[in-house]
Ligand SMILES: Cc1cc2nc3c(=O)[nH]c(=O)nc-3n(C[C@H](O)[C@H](O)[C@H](O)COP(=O)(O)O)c2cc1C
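The data below hold one chain only, encoded as structure tokens and taken in the form predicted alone.
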Amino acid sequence: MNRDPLHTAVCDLFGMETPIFAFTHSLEVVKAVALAGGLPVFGATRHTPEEIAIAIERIRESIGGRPFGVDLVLPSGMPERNDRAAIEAQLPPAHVAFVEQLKQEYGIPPPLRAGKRSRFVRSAEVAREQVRVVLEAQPPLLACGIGSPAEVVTEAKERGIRVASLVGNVKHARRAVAAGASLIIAQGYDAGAHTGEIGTFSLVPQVVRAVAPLPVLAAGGVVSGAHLAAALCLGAAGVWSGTQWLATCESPLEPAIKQKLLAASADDTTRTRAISGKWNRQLKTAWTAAWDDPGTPNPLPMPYHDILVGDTLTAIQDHQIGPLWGSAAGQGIGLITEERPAAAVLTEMAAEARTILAALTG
């Protein structure tokens, strides 16, 4: 009996059918991907601990015993307390004035809700509570988007939770292994949102070699079956993808921003610090252009930039201020040209990879 070429070590590790991991903020996408045989990972870092607990409960209700993950961003060097007033008191007046200038120039009204990035401070205090809730819920996978604190990894493993660490270079991959990670996600420069400086095609085989026999997922620009087949040829055990799920039927993004994504090419993305203070790949907008202008203030470090711009970014989304309104997007965006159901995206991706791998093996 011929073995399925897509049945890799991560399929055995998590009891999944297809080695496709889908990062998403949408519970509907989580459900669709899980039921189609992939492993969805819920991006929880912008949610309160209470919201995370509710989300995990809803995920389990919707997918039964199928595997899923929760992603948290746990960078080092964050403030100890969740004290917005203390952060605001340290914001440079020139930066505050620049944001006010943009609001006046584009007629941005106040947001209709608490700022997605500023309703709480990314702090050690909040991170501890987020981690506590996730560990108590015991999802099959905890993914660490930035930072893999050894104490978190150790406690997760003691509770039977496997830990995946996203890395952008070999040094960070080795550090994650030393911390005890079960799975490494080698994320290249091509990726949407927070990303590093090394291209996916260069990074993946170097990380595979450095951490063997630990399984590695390829990430960064991954949107097709060809990418999945290439990842396996590079030694990865599967792929981690994010951008393509933003344009699915289940994604809650507004139609206008979905159309921006569907019309975009790789040239329409840029790596900027204008969103969070860390390098982050986004669609090009008047917002990213304004912050990238040499005559404007440099973005502040995380989480100070979050507090500086968080309410304004939410207002831009709430009121759909077109020139400033963007989205995270990887360089694979040019291959995403139509809105499709998430299950179809996953199954067609797997089918294309199988066809390519069959051709390669004759």
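Computed from a predicted model, the values in this text were never measured in an experiment. Each residue number is its position in the shown sequence, starting from 1.
Keep in mind that the form predicted together with this ligand is not shown, yet the notes after this line are about it.
Judged against this ligand in the model of the complex with a 4.5 angstroms heavy atom cut-off, the residues 190, 240 and 243 are in contact without exception.
The stretch in contact with this ligand in the model of the complex, judged by heavy atoms within 4.5 Å, is 70-78, chosen from 168-176, 267-275, 70-78, 283-291. With the partner removed from view, the residue among 215, 225, 145, 111 that has a non-hydrogen atom within 4.5 Å of this ligand in the model of the complex turns out to be 145. In summary, among the residues 302, 59, 328, 321, the only one with a non-hydrogen atom within 4.5 Å of this ligand in the model of the complex is 328. Contact between residue 45 and this ligand in the model of the complex is found at the 4.5 Å heavy atom cutoff.
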